[in-house]
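Next up: a single chain in structure tokens, the form predicted on its own.
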Amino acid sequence: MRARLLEATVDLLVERGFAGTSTTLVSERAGVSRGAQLHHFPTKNDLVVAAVEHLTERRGAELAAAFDTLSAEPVATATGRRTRLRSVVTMLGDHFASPVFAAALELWVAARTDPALLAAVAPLEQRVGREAHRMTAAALGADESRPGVRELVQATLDLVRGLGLASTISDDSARRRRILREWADVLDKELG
């Protein structure tokens, strides 16, 4: 029942945003009574904080699964390396344009003015950010002991987050693909 409530919360954050997500709607979506929902989560903040934790785990698992789909084989040729870099940045772009990322954005915006929510969101986002950085560096084959490489990895993540934010307003997938293809070529030059 708890899992159904958390999934319903995430779905509603994507569909209706933070302001449009109520405990009543969550109960209805999860198919549980209001009393059962209140037993698990007495307030909207209790529900949202638990959903933040759930969403953090889900985002981490989805990102790890996406990285797992990429070949772990070392790339021996320049063409193979460029193809690999394009695959990595495309996968990241798709991940950060997903509904799960949209739900996270809703929580970020709400946490900006809600100290209790910020206290829950900030440490979890730091953990997700560190793990995303680690996985991205590994997938890119980036040697972060070289000057500027750590910053390139972080710029990659900042870029895909920004493109993910833009995708919440309109479908810019064609533009996103072009930008990411060019960015992969920049990474190829700088990391190679």
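Start at 1 with the first residue shown and count on from there. No experiment lies behind these values; they were computed from the predicted model shown.
Unshown form predicted in complex with a further copy of the same chain; subsequent notes refer to it.
Checking 156 to 164, 49 to 57, 134 to 142, 25 to 33 against a further copy of the same chain in the predicted bound form, the stretch whose residues place heavy atoms within 4.5 Å of it is 156 to 164. Under a 4.5 angstroms non-hydrogen atom cutoff, a further copy of the same chain in the predicted bound form has V186 among its neighbouring residues.
Residue contact with a further copy of the same chain in the predicted bound form: S173 places no heavy atom within 4.5 Å of it.
Residue contact check for A116: none of its heavy atoms lie within 4.5 Å of a further copy of the same chain in the predicted bound form. Taking the partner from elsewhere, E62 is found to have every heavy atom lying beyond 4.5 Å of a further copy of the same chain in the predicted bound form. If you take 134 to 154 and check each residue for a heavy atom within 4.5 Å of a further copy of the same chain in the predicted bound form, you get G148, E151, L152, Q154, in sequence order.
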